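To begin, one chain is listed below as structure tokens, in the form predicted on its own.
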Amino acid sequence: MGQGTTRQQIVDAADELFYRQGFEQTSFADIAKVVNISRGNFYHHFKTKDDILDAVIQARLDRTQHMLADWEQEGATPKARIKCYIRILLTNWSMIKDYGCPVGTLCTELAKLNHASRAEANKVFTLFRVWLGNQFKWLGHAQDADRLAMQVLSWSQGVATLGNAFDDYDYVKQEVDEMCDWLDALPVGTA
């Protein structure tokens, strides 16, 4: 196995474990066990758990940028593209019901720890915020674009949190439909 491959396996395993167990609860040994490498080989790739966290955050940022680019291609209109974001609650339901939102859970944990990487992790939310804001600008809501983006972000995070807490797919589906109806009723602006 090449060095790049091992490094990527470590990042992928850490990403999954940080999501399922939490950053603080995941050890080097946990990650090394999943990747099936010795601790010495592990330290060849990453010296600290914070180094791994940085790589995981970068991987999440990269995946989010690719996903947003895909949504740009899939959605013919800004409303269709925003619906791609809203429907991610249903697409990722099997994970959300067990572990919550991957972005929200990591950001919340790092905030509780007052961790130095907190601001870096929040950049994933910022990607969504800016992207959603651009969609609302293209709908003609330039003056309210950021407020509308934050409204969609907060609504979806609340739905993810409560859907996880109550393990209630029907509630999540109802809220996704309501968000889409709200979006459909939003008039196309003039600026």
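Numbering starts at 1 and follows the sequence shown. Source: prediction; values computed, not measured.
Keep in mind that the form predicted together with the DNA is not shown, yet the notes after this line are about it.
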| item | value |
| --- | --- |
| Partner-contacting position among 49, 123, 63, 129 - heavy atom within 4.5 Å of the DNA in the predicted complex | 49 |
| 59, 37, 153, 162 - the one with a heavy atom within 4.5 Å of the DNA in the predicted complex | 37 |
| Partner contact for residue 29 in the predicted complex: the DNA, 4.5 angstroms, heavy atom | yes |
| Touches the DNA in the predicted complex: residue 43 (any heavy atom, 4.5 Å) | yes |
| Exercise: residue 6 in contact with the DNA in the predicted complex, heavy atom 4.5 Å | yes |
| One stretch from 162-170, 29-37, 141-149, 66-74 that, in the predicted complex, holds residues within 4.5 Å of the DNA by heavy atom | 29-37 |
